[in-house]
Every structure is written in C-alpha cells, then in structure tokens.
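Taking the form predicted on its own, here's one chain by itself in structure tokens.
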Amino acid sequence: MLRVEGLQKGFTGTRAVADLNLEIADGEFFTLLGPSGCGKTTTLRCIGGLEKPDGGSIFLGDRCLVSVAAGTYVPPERREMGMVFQSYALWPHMTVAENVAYPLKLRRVPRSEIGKKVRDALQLVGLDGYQDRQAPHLSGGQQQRVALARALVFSPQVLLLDEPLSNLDALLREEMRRELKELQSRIDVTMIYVTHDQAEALSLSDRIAIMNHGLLQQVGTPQEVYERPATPFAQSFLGRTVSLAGTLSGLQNGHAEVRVDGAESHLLCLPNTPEHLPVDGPVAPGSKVTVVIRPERLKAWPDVPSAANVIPSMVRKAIFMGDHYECTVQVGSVERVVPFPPGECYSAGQTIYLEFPESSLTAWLN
C-alpha cells in the first residue's frame, strides 16, 4: 500500500535518513523503532509531507507522492493521511467538536455533514458527549483521544502517529496501547507508528522496522526481530540482553566453541549456523566474539547441575523489584544484571551456576 524507495534526508550536514527502503501493507500496524536521533520521526514526516526529502520517492498505492528525481511533491493536505503528534497540538481556544471538525472545514466538507462526522469520530475514540468541552480542560488521555479523533474524522488512508503516548503516565499508556490496537482492528486503517519504547512496539505492531543513525537495521514481525535479530544493534536495542566477550576456540561437529574472558576454563558451545553465528564469510578460531543471550533464557542453579554451558558466577547485589529480583552477577571478568523470578532469591556473596542453553546463544564478531 505504501512504498518508500531510497529515501534520503539531511539537516545542516547531518544525515538523518540514508537510502531507506520500506514496503507497508494495506491495514498493517507498522512501527518505526529506534533511539532518539535515529531518523524515525524524520521518515514519518517525509511520508506525511511535513519534510521534503533530499532523495528518493514515496508511493501510496499507484500514486506517486514524492519523487525527487522527477520533481514531484504532493502537499500534506492532499495525501489522505492523518497525523497524531506527541504534543497533541490541539487548539486551546476551541471546543472538542471544533478541534475535531477543523480538518473537515479545511477540506470544505458541507456544514450539514460535519456534525455527524464529528460525532462518529468522537464515539469511535470513546468521547461521545464531550463535544462542548474546552480542550485544555481535558485530561492527558482525553486530549490524546481528541487528537486521534481529529486525525480519523476525514477517513484517511494512512494514520501517522509520532510517539503519541510518551506524555502519558505508565498506567494510562498501557490502557491507550490496548485501545489503539483494538481501534486499528475495528477501522482497518494502515497505521505507521513512531516510538522508542520497545514494549509499545512489541505489543502493537504487525511488523517493526528498527532504525539507527538513519539506517534500517531490520524489518520483521515482533517475534522475528526479537528471536532472530539481524544485527548486534537490533539485538541490544529490542529487549534486554546479557553479553559476554570471549574468543572463538574451535569449530567442530556443527558447533562453535567460545572461551569467555575471565572464565577460560569454561567453554560455551553454540550451533555453527547463520542464525546463531551470523557472519559474512569464513570465521577462524582465535577470532574475538561477543556471546549474547536474552536474560529470560538463562537458567540459574544453586548447585552444580549436570548440564553443558555452565559458568560459576558470584552474586554481587540483589534488588527486590516486586515481580522479580535484579541481581548483579559477576560472570568471568565482568558484571551483568540478570532478572530472576521472585521464587529465585539469591543473596550477595552467593555462588550460583548459570546455564547458557546453546539454542538461545548468538555470537557476533567483534
């Protein structure tokens, strides 16, 4: 439905987006995820027409919205896209109904139709009966719903959302996430969502595009990008990881063996496959690598288990977090923070045995 080809954008000599290619399906909830300054908001603004790209093209179906080479640029009001901003951007001197009606007046919708469309949009976001309220007198969550109703009132083909929940408190964010997902399934509109919050991206998205320094790192379903990250950045940014530096000591019988720095007497073995050892070209013993595992895949034992891939480790600190413990554990020559369930209570100074299941390990070349 939406296609971005070779998108480029820079500001005063700084590259914001570099040769970005995306394809987004009709009715998809597609998330641009990454840290501040990675180019995700710039990409969204280029799609919406609020920024003019330096290169590339953007298509909505068969319609060309932007082609830098051909000199094509469709202005924002003619792209059939609604946008919800982080700051809500409501007119403080207008009522809720007047704010929601504003896009319809700009499109010269007959006055006789505006009232019904506004009521339908407010009902859609759970604000039926709020028409006459002044926008500044609403709560943060209600203001966000007004902004959403305003973006939906003219039935756009695409809804663009730029970190719309970041100004809400934690409980309200969770509630709005559920409402957004349910709303998207009801109205079947294509949504392109920008966030730096991994939980939002995982819970809302059909697919996620991870960005860093203007470059696309990986595109996939939440399960794909979490379980099979394509780059070290994708793995470290989406979800927590425990990483250990080491040296590749051998490749045999379809396995790679790694000696962890500071724990050289203990080998970690992992499958020698592109999924677990993603390298371009041959890799030789003696190569410096970083072994990475999701902390929830680790297993901790109070006594030596009869299992492979076990490293004795010292608990340095244990902090109770309510639903889990955050333990600082020395593994080899480094300290790492590992979450443990409430039933696994370890104390400072205790030696535990961490098991690293080989199927859950990834090793990246340093």
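When you see a residue number, it is the position in the sequence shown, counting from 1. Bear in mind the structure is a predicted one, so any value in this text is a computation, not a measurement.
Separately, the form predicted in complex with a small molecule exists; it is not shown, and the next lines address it.
Visitor: If we define contact as a non-hydrogen atom of the residue within 4.5 angstroms of the partner, is T31 a contact of the small molecule in the predicted bound form?
Guide: It does not: once the small molecule is placed as it appears in the predicted bound form, T31 has no heavy atom within 4.5 Å of it.
Visitor: Can you tell me whether N309 touches the small molecule? I mean in the predicted bound form, with a 4.5 angstroms heavy atom cut-off.
Guide: Result no; N309 lies far from the small molecule in the predicted bound form.
Visitor: Is there any non-hydrogen atom of P53 lying within 4.5 Å of the small molecule in the predicted bound form?
Guide: P53: no contact with the small molecule in the predicted bound form.
Visitor: Residue-level contact is defined here as any heavy atom of the residue lying within 4.5 Å of the small molecule in the predicted bound form; does P35 satisfy this criterion?
Guide: Taking the distances in the predicted bound form, the answer for P35 is yes, it comes within 4.5 Å of the small molecule.
Visitor: Quick one: find which of 313-321, 61-69, 334-342, 39-47 has residues within 4.5 Å of the small molecule in the predicted bound form by heavy atom distance.
Guide: Answer to the contact question: 39-47.
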